[in-house]
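Listed next as structure tokens is one chain, alone, in the form predicted on its own.
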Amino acid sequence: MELVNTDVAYKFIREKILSGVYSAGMPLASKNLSKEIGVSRTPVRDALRQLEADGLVIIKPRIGASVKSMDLKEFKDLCGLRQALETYAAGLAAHNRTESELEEIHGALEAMRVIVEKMLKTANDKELLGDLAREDVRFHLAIINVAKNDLIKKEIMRLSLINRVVSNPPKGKSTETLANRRTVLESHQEIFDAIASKNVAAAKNAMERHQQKNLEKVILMMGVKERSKFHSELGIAVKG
């Protein structure tokens, strides 16, 4: 029964973290969580240890558990590792891909294109943003699958989840303009074209450029967050 409850607690806490309800740095008290989930503290503690192994939670002696957070340097290091792995995976995908696997990558790319075009015609694009994010994940996951390296896939997925948690923007707020989304779509097209032509070097270069642009954008956002937090602690108003 405890094993079942641990699984329930794990899924509950993980979903709250990934959805942004439990934000980066938020304390995770087992007493409060056990009441919220409806299980005893033991399975909650076991679930938190599992989430620590996943990289989504930090547990410190005498302090307790909290949602994973990073300073700017740690985040840059994480993104650098992910960039290196995804760049290598793109090269493997260009070398390994079959026509049917290429179709899966292309399907995600075309779905992204349709969504971006829809965004041209609507002012309220919250739902479309979610759809675009899902297709973006599908695109990258398809490439990782085509790379056919299970160790790389596992590590990229782990790093992607941590990235998502520590860089999660405020709910309901977009960090991109429509022009930015078009640029991102173009970079996805470059990656696809290189993989389609089985050009390993071009696929790696296109993925590296794409990840570098993403890194720069998120680091800029995190830099604003750090300045805001610092100013808040000092009681200084933050200027835009």
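In case it trips you up, residue 1 is the first one in the sequence shown, and so on. Quick caveat, the model's predicted, so the values are computed rather than measured. Take the two forms, superpose them, and find the largest set of C-alpha atoms that agree within 1.5 Å; that set is the rigid core.
The form predicted in complex with another copy of the chain is left out here; the points below concern that form.
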### Task
Identify which of E110, E127, E103, E74 has a heavy atom within 4.5 Å of another copy of the chain in the predicted complex; exactly one of them does.
E74
## Note on the structure
Of R134, K118, H95, K148, the only residue with a heavy atom within 4.5 Å of another copy of the chain in the predicted complex is K148
### Query
Do F139 and another copy of the chain share at least one heavy atom pair within 4.5 Å in the predicted complex?
no
### Query
Taking heavy atoms and a 4.5 Å cut-off, does R182 contact another copy of the chain in the predicted complex?
no
### Query
Within a 4.5 Å heavy atom cut-off, is V114 in contact with another copy of the chain in the predicted complex?
no
### Query
Quick one: is L81 in contact with another copy of the chain in the predicted complex, heavy atoms, 4.5 Å cut-off?
yes
### Task
State yes only if every one of R45, Q50 and Y88 has a non-hydrogen atom within 4.5 Å of another copy of the chain in the predicted complex; otherwise state no.
yes
### Task
Please check if D54 moves between the shown form and the other one, taking a CA shift of 2 Å or more relative to the superposed core as movement.
yes
